[in-house]
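Below you will find one chain, with nothing else, as structure tokens; this is the form predicted on its own, and questions on how it binds or moves follow later.
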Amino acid sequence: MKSSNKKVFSRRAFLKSSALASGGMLIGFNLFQACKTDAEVPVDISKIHFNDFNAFIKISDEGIVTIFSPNPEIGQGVKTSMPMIIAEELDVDWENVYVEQAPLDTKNYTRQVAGGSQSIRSSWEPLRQTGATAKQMLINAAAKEWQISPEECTARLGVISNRTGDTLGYGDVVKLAATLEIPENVSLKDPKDFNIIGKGKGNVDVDKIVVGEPLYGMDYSEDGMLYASVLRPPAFGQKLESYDASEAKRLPGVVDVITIGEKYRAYKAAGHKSWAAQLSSSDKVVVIANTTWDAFRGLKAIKANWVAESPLESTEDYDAKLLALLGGNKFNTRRSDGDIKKAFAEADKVVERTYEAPYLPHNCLEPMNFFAHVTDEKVRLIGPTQTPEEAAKSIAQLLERDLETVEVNMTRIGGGFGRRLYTDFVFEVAEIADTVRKPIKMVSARENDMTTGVYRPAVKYRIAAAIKNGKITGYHLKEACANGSMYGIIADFFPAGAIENYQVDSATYKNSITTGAWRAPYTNFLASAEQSFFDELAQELNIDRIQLHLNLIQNVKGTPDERIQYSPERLEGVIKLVAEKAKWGQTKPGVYQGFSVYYSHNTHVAEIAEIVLEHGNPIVKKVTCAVDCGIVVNPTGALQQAKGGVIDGLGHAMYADLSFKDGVPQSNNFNNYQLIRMAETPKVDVYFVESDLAPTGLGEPTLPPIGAAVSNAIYAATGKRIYKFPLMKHFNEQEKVLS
């Protein structure tokens, strides 16, 4: 799908390409044209002739470079940063680079997934190799032109030079280069020679985002397209029994009312499994209409009868069951070091606390939507998805088609946070389009998206520590989680290895509420629980919070335990950096600090939150954040990611709560589900550790530590420990009890 371009041309380059496109007629004229308020884009870049160089790179005869960004752009900035990596090794002027979203083509682009903060980490080496290989082929072509050895040539900023001073632009040799043998071994740049990586670059789509040009799935349309909206069961555990659509069908703009669900049930009955498919097995009523407004009105006119097919649970029900799990003995042990029973039996004192968190929706700014057009020959799917390959495979199975006949094109994504890893909405639109055989755009209203979503599961942790002779000698964490649990490597995060007797157990409770990945899966609340607990342990041991961590980290240095996922040295580095930058322990009177540190998604992060009390309420004024994510590819985008993670995590920790009554979510829009407001956003200072190590994740790692940093600061200010999220709800409940 055609995508947007960043500021592609300098004026000089623009004039060159104008001459290419239209014979020079625009030269000079454009200076005036550009000053007009109704100025039109003087050059249609689609008319510039590019030579296909390889799957990632196209180069025009004028030396203009198009780089395809392979992964879905979910707001994490990969559409800018991934091409930067190629451009660095290709050694071109970034001002002459044009960026396009690549289509789904995993044969060429391999991993086309936005999830787990892994896009840059997974692609770092392949993208560098891609750029360096292309550069070497261009050099080889120039050497062939000059009849000299490639070793006598150098390339910089799109120009190849030889020892005699001759030069050739990339565009001069691109056709010849594309015919040459691909070199197997190429040299990568020394990081000290980078001139694009490490320099802040603006988002390639920012201009179009600002003026509202169509980039997102919600923007997509084509001739003859109809709109669909889906009526799903109002409560988790219900299914459709019957419905009356007579009133809906009489409404102007409503084209038809159908049901779907049969194909998905057949898909499951055939034994197909998709980890990304989260669907109720119920039939669903679908209104087909000329506009989204007509479709939404049609949905409201449907009279449907629903019956329970499994228990309709309320928050009190699953809370009680999760607490019962914590008190029971049905656990899967994820890791066990030393002798935990002996450590607790011989302890001078045992500290045990329970931490609880609710279900949370994803709250994507752009609600779920997708386009599908199904014909006998082809299935076209277009829209915002974090897992385009999974969508293509699943829909091929759903519609019993060859995979080669299913085409998926990605739009820019208006927020995902894990929600768009799941392809339930793609299943729905594909079944609708297969039924009506017309181009269909399925759109969910905010209320529908929030009440029939895939949620961060409710989870509870019970953590106990054995203390003997002023030391932590045992650590035992138990987890009870709805429809999920911690998976393998999480148990190998800190404090694994730092405490001799260590055990992590998990237990799962199954219910009908759909759950899945939510930003920083598994660690988003686990970090809050563990780091709140260590704050209590530091108080119990009468030791500074930061010093306690530094002491424990010493136990891991030099460990032969290959299971340990984090680096004690890098963890120590971010702790010392944040302590220095936040002036730990040196605040003004009335300002209270809370510390937290966490490793996730291969990145080490430490944070210090500062709060003040206004009318007895804690107000977060500042967060200092230290990050070790290796080489920072795009400092501008990295800063946005780090700050965004802190603010998102802060808002959810303070306010977010999705409760259920008889299977029905009790919040359905932002008027009754509180997110952080702009006025509540604190100052966030971010410091990146200088590094020449390969980049690691950044879309998620700054979120997990913030909950504990704020909770610990609230304790420092008020002396109140809060064990349940959201913090402000339970802070206020404590206030009511005390008053």
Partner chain sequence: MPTYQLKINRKTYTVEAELDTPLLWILRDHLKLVGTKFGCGIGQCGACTVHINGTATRSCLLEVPFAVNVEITTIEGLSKDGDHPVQQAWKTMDVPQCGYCQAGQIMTASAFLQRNPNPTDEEIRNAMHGNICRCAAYNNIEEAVKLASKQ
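All figures in this text were calculated on a predicted structure; none of them were measured in a lab. Numbering follows the first chain given and starts at 1.
Unshown form predicted in complex with its partner chain; subsequent notes refer to it.
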property	result
Contact residue in the predicted complex, chosen from E316, E309, E152, D207 - any heavy atom within 4.5 Å of its partner chain	D207
Single option in G237, G415, P439, P358 placed near its partner chain in the predicted complex, where near means a heavy atom within 4.5 Å	G415
Contact test, all of A347, S532 and E536, partner its partner chain in the predicted complex, heavy atom 4.5 Å	no
Option from 238 to 246, 582 to 590, 664 to 672, 169 to 177 whose residues, in the predicted complex, bring a heavy atom within 4.5 Å of its partner chain	664 to 672
Exercise: E540 in contact with its partner chain in the predicted complex, heavy atom 4.5 Å	no
Distance check, M218 to its partner chain in the predicted complex, heavy atom within 4.5 Å	yes
Residue contact check: H272 to its partner chain in the predicted complex, 4.5 Å heavy atom	no
Residue contact check: G616 to its partner chain in the predicted complex, 4.5 Å heavy atom	no
Heavy atom within 4.5 Å of its partner chain in the predicted complex - qualifying residues of 355 to 379	H362, N363, C364, L365, E366, P367
